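Shown next as structure tokens: one chain only, the form predicted on its own.
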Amino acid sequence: MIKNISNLGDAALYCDFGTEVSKEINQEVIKYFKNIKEKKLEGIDNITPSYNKLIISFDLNITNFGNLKKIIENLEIKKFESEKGNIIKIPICCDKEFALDIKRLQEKLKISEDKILEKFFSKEYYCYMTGFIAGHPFLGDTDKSLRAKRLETPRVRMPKGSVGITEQFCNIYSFESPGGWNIIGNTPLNIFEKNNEEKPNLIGPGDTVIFKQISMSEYQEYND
């Protein structure tokens, strides 16, 4: 449930579901996100879900904070058939060319490369949100023994498709961009398709991701 609704600037609502980052709270955020989006409330320009917050931007020429706050507080929230989201399988190559920070992780975590990969691939990952750059998924929750801090100095260019871990989260870089996550491999899949207007994001909030390790030759086959 929403704990508090407040102003965010002149034309946005900030819906606070709490400070904890958990799958249960995030599913509440997604439930509100889906319901509000489906109802197509007059004056709403954009709805942005995060781990435990929901930001709703609106047109001041059509509505205002007080009216929209009252509507959301009294909104009847229904369940959707697809509450659990989709299960998406993502191949990753962890050869040295792609595993840019595996040595760093071995030193920081005090465990072997084989054990790092074993623990990483044995988990299923829940998508809390997408953001930072288009289609970029924030996935949780990594094994507690793999939780390392970001790089002390972020890279200016992180290769597209890089798969990284930091603290409790895992992510996939949908485009080449700056970044400071610990990179353990690369996927040949396109995580974001800008020309796909209906579903540009391969992974969306509420989806479950299962990673599969592949060889370099298998990786190259995707690009042939």
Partner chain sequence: MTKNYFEVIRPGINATFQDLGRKNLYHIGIPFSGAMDKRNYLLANELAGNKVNSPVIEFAYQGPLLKFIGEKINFTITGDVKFKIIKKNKEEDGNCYQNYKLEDGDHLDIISTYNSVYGYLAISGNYDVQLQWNSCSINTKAQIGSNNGKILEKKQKIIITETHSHESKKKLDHLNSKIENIRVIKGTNYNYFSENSKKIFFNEEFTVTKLTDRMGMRLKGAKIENIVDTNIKSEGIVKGVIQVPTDGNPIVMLSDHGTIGGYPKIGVVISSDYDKLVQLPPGSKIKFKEVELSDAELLFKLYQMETKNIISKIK
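What you are looking at is a predicted structure, and each value in this text was computed from that prediction instead of being measured. Positions refer to the first chain, counted from 1.
In what follows, reference is made to the form predicted together with the partner chain, a form of this protein that is not presented.
Chemist: Against the partner chain in the model of the complex, would residue 185 count as a contact residue? Criterion: heavy atoms within 4.5 Å.
Modeler: No - in the model of the complex, heavy atoms of residue 185 and the partner chain never come within 4.5 Å of each other.
Chemist: Are any of the heavy atoms in residue 116 no more than 4.5 Å from a heavy atom of the partner chain in the model of the complex?
Modeler: Residue 116 lies outside the contact set for the partner chain.
Chemist: Taking 4.5 angstroms as the cut-off for heavy atoms, does residue 24 touch the partner chain in the model of the complex?
Modeler: Taking the distances in the model of the complex, the answer for residue 24 is no, it never comes within 4.5 Å of the partner chain.
Chemist: At the 4.5 Å heavy atom threshold, is residue 129 in contact with the partner chain in the model of the complex?
Modeler: So residue 129 counts as contacting the partner chain.
Chemist: Within 4.5 Å of the partner chain in the model of the complex, heavy atoms considered, which of 151, 133, 72, 109?
Modeler: Of 151, 133, 72, 109, the residue with a heavy atom within 4.5 Å of the partner chain in the model of the complex is 133.
Chemist: Can you confirm whether 145, 210 and 223, the three residues that make up this candidate site, all sit within 4.5 Å of the partner chain in the model of the complex, judged by heavy atoms?
Modeler: Spot residues vs the partner chain: no contact at all.
Chemist: Note that the partner chain is not shown here; using its position in the model of the complex, name the residues of 1-17 with a heavy atom within 4.5 Å of it, in sequence order.
Modeler: Residues within 4.5 Å: 6, 7, 8, 9, 10, 11, 12, 14.
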